[in-house]
Structure formats: structure tokens, C-alpha cells
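Take a look at this one chain, the form predicted on its own, written out in C-alpha cells.
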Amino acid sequence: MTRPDLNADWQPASWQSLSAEQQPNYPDKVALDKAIGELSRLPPIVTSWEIEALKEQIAKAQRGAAFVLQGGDCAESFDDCTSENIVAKLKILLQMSLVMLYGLKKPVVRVGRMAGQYAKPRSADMETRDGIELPSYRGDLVNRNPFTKEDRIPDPTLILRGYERAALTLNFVRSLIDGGFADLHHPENWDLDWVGHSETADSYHEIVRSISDSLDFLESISGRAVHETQRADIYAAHEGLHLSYEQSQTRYLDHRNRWYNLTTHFPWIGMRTAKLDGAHVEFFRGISNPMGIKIGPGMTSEWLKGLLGVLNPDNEPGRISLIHRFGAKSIEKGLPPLIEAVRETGSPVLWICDPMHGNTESTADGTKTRRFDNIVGELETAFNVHESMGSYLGGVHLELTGENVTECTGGARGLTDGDLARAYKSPVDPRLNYEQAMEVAMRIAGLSKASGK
């Protein structure tokens, strides 16, 4: 796989000269240009200071001194941009990170799949139902989910609606954090009302009491507050799929002498759009954000080496996270050659396990789901493979929600295929509910202690 020589003077629009996969086909180009032009003049959603702070945290995790928890919805919807939903997402991320902090004995970096996860790749441009063919639903940033001609036509105004909801979401998150919502002195504020019956509740509350007692002890003997425990930053991440949207908020900052994609702190690139000679790799190579690359079956050592060479030619710490997603049955064979390939490049990377996407399957009636045993099985194997190769698994990437959904089977409550219809809300892929997500967090803390990490 080769990449042609490109002009050294990178620009946010240079991707437009290359083949761009997974882009919507807008019938009204004038309206698209108008929407992109308007978005390019609006204030950025994130700042370069936040982006650089996250890059430092990822560099720390690359050295084994921190762990990254990345989680949130498969695809955000505009209708779910409510205070209740945002608070629920924060609560589950904070609770999981508290459990991991307790078990791992190291800082946990929280990255939410939020404030911009409005575009989704699709396996086909068109979808057929009952003999009617319409454009596939590509997320609320592009078109609408109902299967009608009017809803499925890509609408440029949705780009602006996505920006607005992403900004509202992140501004509310910042307000909560600044107001003390994430203060580790009061983790009892993070409880979700409906999970009082959860089998993990007693264990979680025991951890809370232990941490609170430890903080009280440290502060009583030092005579001052442990300030670092009062704030738990939440960073935003989404797949950098819709290139016109990403380009419109990409800006050159003179004081940094760099380009930044200011739609998010942490964009990632999927395998479907990671061609070395493709538009997405061209766009990503020019921005200074820390970034993720999804890797899995089909990713060769040569391809991965090429991506690292293009996207991080200077081997900058904190820039690259490799998010591997093989599936429980394939990870033990597929992951080691890629670990070895990265080692040969000398490039610093953060290894993150995504145990969700490689384990998606369909029930007898066609409902998409994931089996909890496969999710934790892939995660456990990932820890073991990295340890056996002298590598460090420094993060986990999960699709989850604080809602009481029934989308993945298994877990402490033993959900079955028959339970899925009871509370299946995701428009795209199935997510872990609160109990299942907390169980994963408990497993990670236990796994890491068992492997000596």
C-alpha cells in the first residue's frame, strides 16, 4: 500500500483532491457550501489548551502511568441532547473511573464519545425495505432515521444543528465540572437512581467509602485539601468521519504554529477510511490533535507502519492511540503481529482495547446485539496478549449508556435475547447498560491487579 507524494504545505481542504470514503451525497451543493461557510465562522467547540492537556495525559498513559477510559453512545442523537442524558453519561463515566482508579492505583483519563458523535459509517450507500430503496441513515449530522424519502435525503442544515448540540453538550459538561459535580469528595452524587438493586452496588459503595475515608485522612494530617481530587476532567471524542464538518472548524493558531481540529479533543479514524492514499488520512496528518486509529482483522503490519509514518512522522508522544477491535475469537492471533510491527517502528502509541465492535452479532429475528461474555473475554485476552509481549494495554473503548437499556445480553442480570425488545433504544449499535458497564470496570480493576499492571 503506497501513498503518493503530497504538497508539504498542508491545508484543511487538501483532502478534497483525494478519494473520500463514507461521505454523504448532498443533492444541494449550494446549501452545503452555505452551511459549511457559516460553521467556519462560528466559535470553536474546544480549545487548543484542552487538546494539548489531553495529549499530555495520553503520553502519560503510553508510559504506563495512567489508564484511558473512553465511552459513550454508538451514535448520539439530537433528541437525546438533554440535561438528564448528559448527566447520566457523566455519572457512569465517573463511577467507572472511580472503580478503575481504586483498582489500578493510577490516574484514569476520561474521554466521552460525546459532543459530536453524530455521523456513522455504513456498509452500503442505500438501504432497501419492502422493495423501496432509500439512502442509508448516516447519523443525525447527515440525515434522519425514519425510512421516508424526505428524511433520508442528506440535509446540510443538520451540520449546523450538530455543531449547536455538540457545543451545548460540552458547555453543560464544563459547567457541571466547574461547579463541583466531579468532586471525588462527594462521589455519592454520581449514583443513578434506578440501579439501587444492582449486584455491583454494594461493591461500588464500599469503594466509595474507602476513597472518602482515605481523602479525609490525608487532608486531616496535611491540614489542606487534596486539590487534584476536586476536578475530574472529561474530554470529548468522536469519529472524524464527515470531512466537511471537521474541516470547517480546523484552524491555524499562530501562538502554537499548528493546525487544530477544534470540533473535538480526540478524533479517531476508522479502518473503513484509513487508506493511506485516502482523504481521511490526508486530513488527519495535518491536525495537531491526539488521535485514534481503529485497527482489526484486515489491518496488515505494512499498512499500520505506513499509517504511523504518515500520521506521526516525528514520533510525537501522546499523538497516536491504536484502538484494536478484533473480536473474542480473533484477537489472540491477530493482535501480536501488530504489536511487533509498532515496536519495529519505534513509534510511541497508546494501546486501547475496543471489545465491542468485533463482537457484534444478530439474533434469530435480526436484532443486533453483543454478548457480555464475548466483550469481557476479548478484554481479558487483550490484557494477557499485551503482558506476554511486554506491551501495555493502557485504555478501553466502550459503547455504553447510563440508561436502563437492554441491548447487550448477559451480565449480572443475565439478559437474554428475549429481553432485548424491552428497552432497546439505540438507532445503530447495541450499548452496555449501567450494570454491564460497571461490571466491566470491576473486571478491569481486577484484571490489572491480577496481571501486575
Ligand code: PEP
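It should be emphasised that the depicted structure is a prediction, and the values quoted were computed from it without experimental measurement. Residue numbers here begin at 1 and follow the sequence given.
If you look for the form predicted together with the ligand, you will not find it shown, but the lines that follow are about it.
*Asks:* When the contact criterion is heavy atoms within 4.5 Å, does Trp268 count as touching the ligand in the predicted complex?
*Replies:* Contact with the ligand, yes.
*Asks:* Given that the partner is absent here, does Arg258 sit within 4.5 Å of the ligand in the predicted complex, heavy atoms only?
*Replies:* Heavy-atom contact with the ligand at 4.5 Å: absent for Arg258.
*Asks:* Report whether the minimum heavy atom distance between Arg272 and the ligand in the predicted complex is within 4.5 Å.
*Replies:* Heavy-atom contact with the ligand at 4.5 Å: present for Arg272.
*Asks:* Heavy atoms within 4.5 Å of the ligand in the predicted complex: does Pro121 have any?
*Replies:* Yes, Pro121 lies within 4.5 Å of the ligand in the predicted complex.
*Asks:* Cys74, Glu239 and Arg325 - do all three of these have some heavy atom no more than 4.5 Å from the ligand in the predicted complex?
*Replies:* Yes, the whole trio is in contact, each within 4.5 Å by some heavy atom.
*Asks:* Only one of these stretches, 167 to 175, 141 to 149, 112 to 120, 79 to 87, has heavy atoms within 4.5 Å of the ligand in the predicted complex; which one is it?
*Replies:* Only one stretch passes the 4.5 Å heavy-atom test: 112 to 120.
*Asks:* Which residue, Arg285, Lys305, Lys106, His357, is the contact with the ligand in the predicted complex, using a 4.5 Å heavy atom cutoff?
*Replies:* Comparing distances to the ligand in the predicted complex, the residue within 4.5 Å is His357.
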